[in-house]
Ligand code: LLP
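There is one chain below, alone, in structure tokens, taken in the form predicted on its own.
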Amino acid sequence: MASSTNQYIKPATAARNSDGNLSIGGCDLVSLADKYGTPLYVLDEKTIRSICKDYKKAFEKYPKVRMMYASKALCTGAVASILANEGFGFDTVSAGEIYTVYKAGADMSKVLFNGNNKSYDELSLALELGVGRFSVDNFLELALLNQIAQANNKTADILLRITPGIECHTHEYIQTGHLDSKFGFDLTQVDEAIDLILNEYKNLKLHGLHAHIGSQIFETGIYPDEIEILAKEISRIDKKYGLTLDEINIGGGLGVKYTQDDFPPSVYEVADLIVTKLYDVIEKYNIPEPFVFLEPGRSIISTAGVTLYTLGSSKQVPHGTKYHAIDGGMADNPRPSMYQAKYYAEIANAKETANSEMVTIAGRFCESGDILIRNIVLPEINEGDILCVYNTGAYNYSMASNYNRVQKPAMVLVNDSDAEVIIKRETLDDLVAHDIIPDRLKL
């Protein structure tokens, strides 16, 4: 079975150049750090396009697949433009994500709006901009979306999101398909929802079912299990209501390789299982070939990204840990603090010393838990060295904050030895731009 880009820690173009420095996309990372400052997010365009091609090639045997990039992983105008150019649609979860892909010029008919508590304003914007599918999560949303569509003399095309009762062995915070979940209709609620759509909510058109089973998934067998549940439910609905549903959304969640201890399946392995199962359930339940929506996010963007930091102070605990501090941390990458996520890193600048040391990389923020990487072996570190942390394309910038009133980093896109800023570094004036001091408090 062919390997795919999600199975590698480093971007496809990562190398050491003739100066001994790390380079990505033909760009010297030390030079990027000097020019744009640190912390700095770096995205490799070739790696993004490579995994997109992996997905499209892997699913060639089932032509009714619709690729929907899960925008929550990383949503910027430039990223949206690349994914749209590769033929992907977009799974969005907020007005901000919808507006970002809209401004990037995406085909809005290929956009799906997902989420468990969509607001009136968000649903209105999505309908106005022509979002192609609404994944309806609950009874309140059914009523609200119908009301908005009716007021605007439109029909909203929807999927019902269900909880299939499948629990994957990821971190408990990123499991979404098990029964005790905030997402979706329980299977016992589906009939009530369909009755409302058929008899009361005349401005909603139901096309199919949506389920999502989690994130950073390494277990290949759960995708066929999910398809079995969705197909069986579609068959049951057809028999009971005479309602033929021809779309299923099986979510995304395929894992990536953050460290040498991670062994995610390839896109090709997962695709083979999914396609085989699809043809099996089509025959088993006598249902028409459904259009299948996939929502890869992390596996599309994570490997393409690295984050550069400048190393600063250090501390040797007597008979204990050696700490080295970077100029970023939990505000630009909250995942280690939230999920106990692990990363691999290298010193980007050339090192002549053969000495190495076991160190812990600490962040600069005022929390004892602001630790980026524990117990990593690196060449002997000097103040000013540049640290390159791999596989930070997903859920780093998108979850970043201004904790401690620190500015968010810039992001550059590298390709064919060129680097272009796609997110500007925040300034101190940006930080206070939305502050308002009432007149009575002014000094």
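Residues carry their position along the shown sequence, with the first being 1. It should be emphasised that the depicted structure is a prediction, and the values quoted were computed from it without experimental measurement.
Keep in mind the form predicted in complex with the named molecule is missing from the figure; the text below concerns it.
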Q) Of 410, 399, 378, 406, which one comes within 4.5 Å of the named molecule in the predicted bound form, counting heavy atoms only? A) 399
(Q) Please tell me which of 133, 324, 161, 118 lies within 4.5 Å of the named molecule in the predicted bound form, judged by heavy atoms. (A) 161
Q. Where does the named molecule sit in the predicted bound form: which of 240-248, 149-157, 225-233, 291-299, heavy atoms within 4.5 Å?
A. 291-299
Q. Does the 4.5 Å heavy atom contact test between residue 351 and the named molecule in the predicted bound form come out positive?
A. no
Q: May I ask you to check whether residue 307 falls inside a 4.5 Å heavy atom distance of the named molecule in the predicted bound form?
A: no
(Q) residue 387 versus the named molecule, in the predicted bound form: is there a non-hydrogen atom within 4.5 Å? (A) no
Q. Does any heavy atom of residue 252 come within 4.5 Å of a heavy atom of the named molecule in the predicted bound form?
A. yes
Q. Who in 192-224 is close to the named molecule in the predicted bound form, meaning a heavy atom within 4.5 Å?
A. 210, 212, 214, 215, 216
